[in-house]
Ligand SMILES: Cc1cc2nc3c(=O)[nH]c(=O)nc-3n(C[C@H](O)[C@H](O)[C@H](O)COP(=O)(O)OP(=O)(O)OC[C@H]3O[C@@H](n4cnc5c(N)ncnc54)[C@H](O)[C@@H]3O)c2cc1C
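Take a look at this single chain in structure tokens; it is the form predicted on its own.
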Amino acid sequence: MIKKPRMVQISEIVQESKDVKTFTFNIKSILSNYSIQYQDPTPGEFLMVWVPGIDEIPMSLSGFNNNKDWSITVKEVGECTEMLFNLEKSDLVGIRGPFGNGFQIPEFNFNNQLNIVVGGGIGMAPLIPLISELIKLKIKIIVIEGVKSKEEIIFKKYLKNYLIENETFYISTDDGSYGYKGFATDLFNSIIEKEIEKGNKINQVYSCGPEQMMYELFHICEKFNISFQGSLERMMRCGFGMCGLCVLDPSGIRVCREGPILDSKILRTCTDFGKYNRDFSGKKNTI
């Protein structure tokens, strides 16, 4: 783990959509310069990304490989991400991490059970490494990407090329401009019902995206007795459990330490899930 902010040079920038970019950097120099013991990240873990003079924010890893190239996928939504968007290849950013717990992935695909991955908008980012891992383990999956309109679709080419014949990739748009017309949750519910009618067992559902979307997905999973894992987003300053901004009531679960990936068992106890988050003062606000 990189415990202190270390500067790293951007090696590649890919424009995913109008307001989404993927930034890639290689961390070999950090590891050698600071004698850091390396361990591969886990799908779902996040970094604290520092833009000097502006802010430090949590960003999920959207990619990593054996060459120690790491990627983050950024949507332009505020001052810090706006400054990231102004950076160019060879510019520097600060990183530390990775932090948190990743997705729990089964080691074996028992009885050819089906797993479903649902991403909403920029929430597709941490799901890309997960999808890669599931395919590598030969676990059968269905992938759903939900966006407002076709202009917001990201990773479409990658997913269509990467998903093998046994997998299925759906896109839903709220306005019907591409694929299924409607919310990803409605498409998900329809797919669940069809798979159950065919006698297929759904082993696990993984998701990241708007929390209200995940909240609805979670309740659909509860209805059909399906295990669920969701990646939650909260305000964070430290990344290691000290600032308390990411605490969930009433359990005291810290999203940066016990999360960001939380399963059904934990989410059942979290009254904040789908309803409240905290601002930088610690005050609770309605989602």
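From 1 onward, residues are counted along the sequence shown. Only a predicted model underlies this, so the values are computations on that prediction, with no experimental measurement involved.
Omitted here: the form predicted in complex with this ligand. The next part is about that form.
Undergrad: Considering non-hydrogen atoms and a 4.5 Å limit, which listed residue (Ala184, Ile131, Val205, Ala125) is close to this ligand in the predicted bound form?
TA: If I apply the 4.5 Å criterion carefully, the residue I get is Ala125.
Undergrad: If we define contact as a non-hydrogen atom of the residue within 4.5 angstroms of the partner, is Phe46 a contact of this ligand in the predicted bound form?
TA: Yes, Phe46 lies within 4.5 Å of this ligand in the predicted bound form.
Undergrad: Would Gly78 count as a contact of this ligand in the predicted bound form, using a 4.5 angstroms cut-off between non-hydrogen atoms?
TA: Contact with this ligand, yes.
Undergrad: Using the partner position in the predicted bound form, report whether Gly63 sits within 4.5 Å of this ligand, counting heavy atoms only.
TA: Because no heavy atom of Gly63 falls inside 4.5 Å of this ligand in the predicted bound form, the answer is no.
Undergrad: Wondering, does Met235 line up within 4.5 Å of this ligand in the predicted bound form on heavy atoms?
TA: Within the cut-off, so yes.
Undergrad: Just one of 22 to 30, 227 to 235, 35 to 43, 214 to 222 has heavy atoms within 4.5 Å of this ligand in the predicted bound form; which?
TA: The contacting stretch is 227 to 235.
Undergrad: Output the sequence-ordered list of residues from 272 to 287 with at least one heavy atom within 4.5 Å of this ligand in the predicted bound form.
TA: The stretch 272 to 287, when checked against this ligand in the predicted bound form, contributes only Phe280 at the 4.5 Å heavy-atom cut-off.
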